[in-house]
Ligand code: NAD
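Have a look below at one chain only, the form predicted on its own, in structure tokens format.
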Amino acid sequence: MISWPQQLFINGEWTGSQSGRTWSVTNPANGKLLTEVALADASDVDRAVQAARNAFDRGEWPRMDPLLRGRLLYKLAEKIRENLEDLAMTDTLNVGKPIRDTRGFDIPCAADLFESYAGLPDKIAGKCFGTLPDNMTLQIREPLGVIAAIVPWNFPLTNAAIKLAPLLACGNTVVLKPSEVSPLSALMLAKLAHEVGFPPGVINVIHGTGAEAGAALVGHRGVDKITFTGRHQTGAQMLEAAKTGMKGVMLELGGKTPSIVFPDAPLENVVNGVITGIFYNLGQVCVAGSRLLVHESQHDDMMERILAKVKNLRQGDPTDPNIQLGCLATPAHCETVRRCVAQAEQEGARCVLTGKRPTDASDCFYPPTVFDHVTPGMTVAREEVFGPVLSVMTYRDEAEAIRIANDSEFGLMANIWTTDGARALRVARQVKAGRIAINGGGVLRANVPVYGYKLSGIGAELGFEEAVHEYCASKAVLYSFSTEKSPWPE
């Protein structure tokens, strides 16, 4: 039996909320209560920010020997690995992800991120901008301050690590607000960080709703920067809130990833990539490949192959290691996906595949759904569904494929499938997206930054140089060697 923290983690201590209110955390796969956790309000947010502020302004963390700071990050990575089974089962129970995915990717990835950034602290360096005979100018990189980190529910621990690992490596302190849907692994992470020796106030974890705790956090004058992952509509609210104190903002928002398949691509590999891209985690992924662009000559063959494989995907109890598809995170989100599907049908898209919920399953189970004859103007081709819904479109030539791919307000990622290297790079240069995968290449790595074009975000998630840019302040020092200066205007 897993023992979950139920309180807020502020200044190195577990504490209840000032109001005494709690929040019920449930298992979406069966609707059963997992636990109750303290529910933060503005007063709790203020306590957490003040703790982070004090730890940054007066504490040892930003002034610590960088090697020691990196050592603590490495110890935290090892602690995550030691607790892999409990953390994996926690995220599976909390959001309905298959245990094969949380065990095989989510938790190991979180550990890898902390380990990778453990090597960064002593490598953060400034510059010297040349010298004149009587002076030199230096650029010094310093920790930025208190960071408000707000993450969604689709990859609970992984998203927390994506935020915390780089900002902590740079010497900042943090107030982390996980989604109210999935707070448990973030609270467990705070417990592990405390066990390995992170100083009080460096990591604070509060649990509350976005409307109450989230709004109070991003508007707090003690916060120096907001880093947020989530819906683009909420990102716009973050920009508005950042006016208070002129905070910096880093936003990783939604996507509408196109997968462009050219006639020379090996279809068996393409089909596997397409299915993984849209149905992994039931499409609850910001880079989910929700738009499939197929050359009209290949359409029938491609559809036959995709439908045959999707029909064999196994959906059911997320704790079963043989299951490939779990459930959506909340009944409310499942209803949102249903509305999107209904609207697609009303607008003329042809539903060629859907299914039924597993027997005795909760309302959060939604089957893989495939729409054919989708046009770029349809809502299902333009708005992020964040569910297991694939939209299939055809094109006549390369130019049209690029035009359709770019006909979106989002630009987080794109997939290109071709054996023609020149075409792959040519198309990659023209598609407006921050990350391009060619033939399914690439995995999430700490050293590879993630940018968003258009509504998909501002700033860079991950990366090493990029992390220093996002989470460090830059100070110019103008050093004069001269001992005498003539006063103006002489």
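Every value quoted in this text rests on a predicted model; they were computed, and no experiment measured them. Each residue number is its position in the shown sequence, starting from 1.
Absent from the display: the form predicted together with the ligand. The rest refers to it.
The stretch that touches the ligand in the predicted complex, counting heavy atoms within 4.5 Å, is 174-182, out of 174-182, 315-323, 392-400, 108-116. In the predicted complex, the ligand lies farther than 4.5 Å from every heavy atom of R338. Among heavy atoms of R71, none comes within 4.5 Å of the ligand in the predicted complex. Residue contact with the ligand in the predicted complex: T244 places no heavy atom within 4.5 Å of it. The closest non-hydrogen atom of G255 lies within 4.5 Å of the ligand in the predicted complex. Note on contacts: among N94, N159, N281, S259, the single residue with a heavy atom within 4.5 Å of the ligand in the predicted complex is N159.
T209 is the sole member of T209, T276, T137, T379 with a non-hydrogen atom within 4.5 Å of the ligand in the predicted complex. Along 137-164, these residues reach a heavy atom to within 4.5 Å of the ligand in the predicted complex: I150, V151, P152, W153, N154, N159.
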